[in-house]
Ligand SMILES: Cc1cc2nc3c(=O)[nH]c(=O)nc-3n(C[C@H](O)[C@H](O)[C@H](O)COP(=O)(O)OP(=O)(O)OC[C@H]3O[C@@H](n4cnc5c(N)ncnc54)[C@H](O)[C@@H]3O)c2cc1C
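To begin, one chain is listed below as structure tokens, in the form predicted alone.
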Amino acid sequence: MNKTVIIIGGGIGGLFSACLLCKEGYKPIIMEQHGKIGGGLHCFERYGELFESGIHFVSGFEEKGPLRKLFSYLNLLDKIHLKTLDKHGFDIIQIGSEKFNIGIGKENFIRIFSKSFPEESQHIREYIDVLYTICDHIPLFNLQPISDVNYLTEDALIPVGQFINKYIKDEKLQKILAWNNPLYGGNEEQTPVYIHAIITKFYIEGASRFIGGSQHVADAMATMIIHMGGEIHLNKEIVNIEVDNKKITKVIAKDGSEYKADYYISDIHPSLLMDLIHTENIQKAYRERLKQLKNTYSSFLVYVKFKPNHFPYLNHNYYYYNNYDMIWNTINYHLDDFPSGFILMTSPSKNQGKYANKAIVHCIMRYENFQQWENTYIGKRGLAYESFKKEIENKIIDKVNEVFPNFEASIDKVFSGSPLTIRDYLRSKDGSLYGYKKIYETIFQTRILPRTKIENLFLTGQNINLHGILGVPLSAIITVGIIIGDVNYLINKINNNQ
């Protein structure tokens, strides 16, 4: 009889863990609190359009890319529909009135920036070479066997701002090269450079968007899981985990139903997991560490459905910052002048033409701005909350309209999500986008291992290794590899899959 594994949470980590377990002959049983599978891949319908809740663009599907290898191994590559972003500017950055393009491909990246900053040409090459070298020494990023857990060199752990400034002398370019820090919750003086290196190289190698939204990726994985004998239970929020003699004996859902398995994987935030386990079954020091670690910031999202044939489809992500200082300090806004920056993304449809059907505007936001309503739930937060949310939404629309003067006039329908929306839909602590905050001085405190002191409980998800569409699947490989008894065996199978 196949060994069973209950997975708490049907997000990206839960889905990848389940798929990998199926390939090893285990029976995964996913318990998802919502009515739809997917977590960050989840799309929801509003006004006749599908909108993404978390994953808005991806990479890793280029030749020899890590996600291409992983989806090939799972026999799902042909189920994934992608549109590659503009090679000569997959990201466009506007700072005040100045614009810069980020090109796909290492040499293209160097060429485009060297054209704008010719005096920094050699420094740009040195910077990107070292950045790539840092990534080359991270085995899991390259789907290579792990021989030493201490693969991060001293250079990879210095603050990202210090790293950039070491190679780049032009003060404007120093800040421009940090354009993507909203994708990892970056802090100039705290974030270790390896986080910046992984995210930067990952997208330079081949940025794309999911055609029609990311839900089809989650659905393809769910179909595979069920076809191979796994189970997916929706609307099953786990509220209690019973432990005896350092082993989980069962989990109990909100509706009172109980479930048992040989192993258990948690795909929810570790501090939220601690709330489900009686205090006597978890070491106090471990529990307190997971509770007290700082989380990355949250976001405010504005979702737009456009009038037909009004707003152009942008085959790139558009970053805007009020000024150069705001690139690192977007989080340090005052509500009076919010937002100090935004990311605008239009989403491709199956037969994408000249005009966009919809867009998402992402603005970094602190959880504290909505904290007074934290004891409320979606749809029941009250008029004061709705009024404040609408005020923020309008501020963002006004800011985007300054950059794209036809934006507001192109809107057919608009709605928004606050940090509380993110918290409740994605079950992330304080609406955190990227899990625990990585700080170079205390990096090993935020290194959460998949194995726990409870013998049959394992962790996965963005808090365990790295966040996002790259980091979470890689974390799932480690989690499943530990359960089956050999991480490198699993890595080799994926890496050598034909």
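This is a predicted model, so every value here is computed, not measured. All residue numbers are counted from 1 along the displayed sequence.
From this point on, the text means the form predicted together with the named molecule, which you will not see here.
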Seminar exercise, completed: Assert contact_stretch over 334 to 342, 236 to 244, 406 to 414, 377 to 385 against the named molecule in the predicted bound form, heavy atom within 4.5 Å, equals 236 to 244
For this session: Taking 4.5 Å between heavy atoms as the contact cutoff, choose which of 469, 448, 50, 443 touches the named molecule in the predicted bound form.
Result: 469
Exercise. Heavy atom within 4.5 Å of the named molecule in the predicted bound form: which of 124, 302, 134, 268?
Worked result: 268
Problem set entry | residue 452, heavy atom within 4.5 angstroms of the named molecule in the predicted bound form | no
Exercise. Is there a heavy atom of residue 65 no more than 4.5 Å from a heavy atom of the named molecule in the predicted bound form?
Worked result: no
Exercise. Within a 4.5 Å heavy atom cut-off, is residue 163 in contact with the named molecule in the predicted bound form?
Worked result: no
Exercise. Does any heavy atom of residue 12 come within 4.5 Å of a heavy atom of the named molecule in the predicted bound form?
Worked result: yes
For this session: Any residue of 44 to 80 with a heavy atom within 4.5 Å of the named molecule in the predicted bound form counts; write them all down in order.
Result: 53, 54, 55, 56, 57
